[in-house]
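Presented as structure tokens, the chain that follows is alone, the form predicted on its own.
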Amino acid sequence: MQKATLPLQRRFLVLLLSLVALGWGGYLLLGQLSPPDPYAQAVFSAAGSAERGQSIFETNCGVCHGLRGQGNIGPSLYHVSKRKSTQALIQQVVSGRTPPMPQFQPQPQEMADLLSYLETL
């Protein structure tokens, strides 16, 4: 019995389509793994203090999210660091894209402190 083989042109087309699919998948994956922006890099390089973060939270976030993050006008933030990545949390805070949450961009050290506090909720 003779082994079935694809004609050369068809094998080339299959190979080309496979490479395109792999390239597109890699592009999408790398898009998800792209390096953080300079602000986020500065936040990631700072060592956060949950104690200082609590003070920042109470002053800037507590009115809407409750003084202990339990929720009020804004949603509860209990276990938020388990539901969202650090990068997503930074974007949420600084973007102001979720009304009525205002745009808020603390200094990188303050954001690192805030993130440390959010991890305790």
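It should be emphasised that the depicted structure is a prediction, and the values quoted were computed from it without experimental measurement. Start at 1 and count along the sequence shown; that's the residue number.
There is also a form predicted in complex with heme C; it is not shown, and the following applies to it.
Proximity to heme C in the predicted complex, taken as a non-hydrogen atom within 4.5 angstroms, holds for one residue of Ala46, Ala40, Ala50, Leu89, which is Leu89. Taking the partner from the other structure, heme C in the predicted complex has a heavy atom within 4.5 Å of a heavy atom of Asn60.
Taking the partner from the other structure, heme C in the predicted complex has a heavy atom within 4.5 Å of a heavy atom of Lys84.
A residue is said to contact a partner when one of its heavy atoms sits within 4.5 Å of a partner heavy atom; Thr98 meets this definition for heme C in the predicted complex. At a distance threshold of 4.5 angstroms between non-hydrogen atoms, Leu67 is out of contact with heme C in the predicted complex. Residues of 102-117 placing a heavy atom within 4.5 Å of heme C in the predicted complex, in sequence order: Pro102, Phe104, Leu114.
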